[in-house]
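A single chain comes next, written as structure tokens; it is the form predicted on its own.
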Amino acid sequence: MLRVGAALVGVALLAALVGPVVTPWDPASQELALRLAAPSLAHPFGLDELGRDILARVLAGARISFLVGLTVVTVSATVGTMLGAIAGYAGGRVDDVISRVIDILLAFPGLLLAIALVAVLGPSLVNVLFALTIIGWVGYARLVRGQVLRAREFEYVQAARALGASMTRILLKHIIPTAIPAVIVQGTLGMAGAIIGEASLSFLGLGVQPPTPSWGTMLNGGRAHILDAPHLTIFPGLAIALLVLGLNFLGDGLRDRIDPRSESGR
């Protein structure tokens, strides 16, 4: 599972980095005379309703998906790890405040909250990143808080505290490193969620705005031609499915590799 996931993600990443450079088609150029043309040797994925090459747009849209996934996961994991570590180690009122914020955000469906935020702020890629980060950090905070509550009772942590080490040093040197493997697994799975979130918002017209290629906007544009030109939705839909499947396989494989007990317990 780990190898299959890594292969799918690696191929998608290579296509995102190299594909738009080596393809002979411009994702924005139009051939109106050939609009809705079916897949052919000249255009393997066919053309969309404006005569744009779908393969070129899928490859360009992969860059948007990876940009959103990596940015959301990096910011969310950093913020969530620090807040979760502080809540778990400090305890008391600090833990209560952070935990109540986490509970409030978890009380709302994540995608619904993201839709509300983007609807208020306005549709754009920056606002999509902000909305997905707002709903994304809570998972990391809750995960790290649980790890810290367990790790702060370790003997070497208590010894460091007895020697007068500061909370910052104890967290950065002794406690947070024990939670990093779990955060990496959570980040892999969270990236899949961020990609689906961006595609959903773009599908609803709240994310990346045309003419910038996005898998979600491509699915939205192909809805009107689902019967006469199904390739408009098949190829971006397959791209989303394969990348998300690869990330889920990669996350499950990493979890089994990091914690063999999770595999034996199935």
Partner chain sequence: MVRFLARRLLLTIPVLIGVATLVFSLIHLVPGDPVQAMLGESASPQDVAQLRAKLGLDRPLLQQYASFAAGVLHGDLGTSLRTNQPVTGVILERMPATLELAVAAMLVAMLIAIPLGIIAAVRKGTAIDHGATTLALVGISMPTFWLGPLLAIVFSVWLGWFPVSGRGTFANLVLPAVTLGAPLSAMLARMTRASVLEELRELYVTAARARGVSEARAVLAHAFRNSLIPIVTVIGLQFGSVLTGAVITETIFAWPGVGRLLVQSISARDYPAVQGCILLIAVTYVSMNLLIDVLYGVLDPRIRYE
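Numbering follows the first chain given and starts at 1. Bear in mind the structure is a predicted one, so any value in this text is a computation, not a measurement.
Below: the form predicted in complex with the partner chain, not depicted.
- This chain is displayed alone, yet in the predicted complex one of I104, V97, V126, L163 has a heavy atom within 4.5 Å of the partner chain; that residue is I104.
- This chain is drawn without the partner chain; in the predicted complex, the residue among I234, L67, L34, A28 with a heavy atom within 4.5 Å of it is I234.
- In the predicted complex, every residue of the candidate spot (L113, R223 and V244) has a heavy atom lying within 4.5 Å of the partner chain.
- Of the candidate stretches 68 to 76, 137 to 145, 180 to 188, 114 to 122, only 114 to 122 contains residues with a heavy atom within 4.5 Å of the partner chain in the predicted complex.
- The partner chain in the predicted complex comes within 4.5 Å of no heavy atom belonging to G92.
- Looking at Y156, you'd find every heavy atom of it more than 4.5 angstroms from the partner chain in the predicted complex.
- Within 4.5 Å of some heavy atom of the partner chain in the predicted complex lies at least one heavy atom of N248.
- The closest heavy atom approach of F45 to the partner chain in the predicted complex falls outside 4.5 Å.
- Contact annotation for 174 to 209: residues with any non-hydrogen atom within 4.5 angstroms of the partner chain in the predicted complex are I196, A199, S200, F203, L204, L206, listed in sequence order.
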